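This document contains two forms of one protein chain, each encoded as structure tokens and listed individually as structure 1 and structure 2.
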Structure 1
Amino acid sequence: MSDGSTPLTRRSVEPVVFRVLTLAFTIFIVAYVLIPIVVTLVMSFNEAAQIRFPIKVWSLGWYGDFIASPQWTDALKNSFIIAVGTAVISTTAGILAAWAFERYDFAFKNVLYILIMMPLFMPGVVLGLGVAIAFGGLEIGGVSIYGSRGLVMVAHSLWAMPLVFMLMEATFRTIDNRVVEAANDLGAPPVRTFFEVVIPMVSTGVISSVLFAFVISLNEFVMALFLTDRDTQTLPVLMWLSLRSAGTPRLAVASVILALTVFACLSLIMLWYIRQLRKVSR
């Protein structure tokens, strides 16, 4: 041993203490993250109407109740429609803008970048309030915009679009510009090049964008709370409103359904990614 000057005890005690602390922290962090998830999952199989531990009788009763209740299934349907709309709007707008930023030089690039990213840093309360007061009284063709699903889609896009934009900008940066030039060179006009060459090259990014936008919209409830009415309210909004009155295991069922949808989306991204990997490399 060359480090004779170091006391032997300190050297041997340190790693043990270190290992114990690491283990303790690992347990803490795993428990912390999983507690609300596991509690919700367990409670959704409770038969009683009260939130109360321990659970005495297990059943799928509250799932049946959820499916049988038009109020809750309508809310779920609204959530889906709005999430799909948000995904379409924000992916289209975000991808096109990201392509413009990657491919072209133009005036005010930095200012526009900040402008597009800014809504992402705004609290949902502020965005919801702003959109609500600006479009609250507006009617088009006798139909009030306020309370419509379309308005919520656009509002949710204020968060989803910058994320898509950020993701796709980074993705576009990874593609070889020469490949795009080669397509042009072989006779493909810009639009055709974009759809036949560029988009297939970044398909994983596009799929991820669509699903992230979908998930953001599905989970969001502060803006939706400001912008929906009884007929268009989303599942998280309904959950929030019922939590304020009284919590029942039905809420746990709703939580589980929301989470399952999200994880289904995530699995889709993973599957697509694996498929692409396979396709490109053997």
Structure 2
Amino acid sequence: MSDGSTPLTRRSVEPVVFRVLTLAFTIFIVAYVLIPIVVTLVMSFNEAAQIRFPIKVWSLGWYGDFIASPQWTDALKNSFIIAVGTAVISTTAGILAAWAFERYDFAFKNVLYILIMMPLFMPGVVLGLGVAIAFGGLEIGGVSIYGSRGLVMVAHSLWAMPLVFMLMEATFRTIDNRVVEAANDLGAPPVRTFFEVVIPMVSTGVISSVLFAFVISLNEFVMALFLTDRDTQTLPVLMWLSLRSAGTPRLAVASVILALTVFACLSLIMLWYIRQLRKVSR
């Protein structure tokens, strides 16, 4: 009896143990992600001049201080402008490259694939220093591009574009090629087919690529530290410089703004994905 009941007992216990371990691991991951964000959010309401815990007096004063500071608002504006430019550059280049790799065969395809993906695995300090050395002395119309927003956009695209390329290459593989071939058979030019047939079918991938590239640029710090000056420094760079001198709750406010922006981007991706699913289900 005991020999026959042991396997049955194991079969009944193993799913329960696995479920408990899975739940515990999920709770650990969620707590690991949320605790730093929640602590930063709480510290942004501290009235003290230094980041200190526990909070004695709660206040929105540092939010007002952030908004009233031209240095911090200019850094935030620079971050958004650079992030938008990076999203445009990397999404355009990544989509076109992914479409070319998915649809056509050409010489040195594997080598080019490695070259496209290589910046993604390079340290930011290497890329930032390399861009600074390569383009630091370049002038356009007598104006040096070093310290310009455009140079930072190009540098950030070195990281963002490979991610867009990977995402869109996988997305292009999901489309029904019969629809594309039907459009070509009906006489639609390749460019028109691409924009009016292909892009609508991969709109979720395109939206995700744009927002991912935007978030990568918004939060990037190392390359921006090498390539910006006082007038074009981004919010992460200013946070780093301020942290070295004085750790005020203004840093927590800036962190909350960045975190909320990332959350908003992820929410947009999910809402768009749900919208597309509902369209398909109809």
Partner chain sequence: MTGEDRAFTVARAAVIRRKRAAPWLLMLPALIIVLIFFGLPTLYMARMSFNLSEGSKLFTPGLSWANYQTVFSNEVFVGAIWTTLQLALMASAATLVIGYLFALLVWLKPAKWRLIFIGLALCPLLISEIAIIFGWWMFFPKNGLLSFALTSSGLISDKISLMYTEFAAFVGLVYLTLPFCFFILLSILDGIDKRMLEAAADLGASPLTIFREVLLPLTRNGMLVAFSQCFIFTMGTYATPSALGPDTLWTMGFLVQEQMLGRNNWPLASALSMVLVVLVAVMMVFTRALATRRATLHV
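Throughout, rigid core stands for the largest set of C-alpha atoms superposing within 1.5 Å between the two forms. Numbering for residues begins at 1 and runs along the sequence of structure 1. All figures in this text were calculated on a predicted structure; none of them were measured in a lab.
Novice: Kindly point out the structure, among the two, that is the form predicted together with its partner chain.
Specialist: It is the first structure (the form predicted together with its partner chain) rather than the second.
Novice: If we fit on the core, is the Cα of Leu260 displaced 2 Å or more between structure 1 and structure 2?
Specialist: Comparing forms between structure 1 and structure 2, the Leu260 CA shifts below 2 Å.
Novice: Would you mind giving the Cα movement of Val20 between structure 1 and structure 2 in Å, after fitting on the rigid core?
Specialist: Val20 is displaced by 8.1 Å at its C-alpha.
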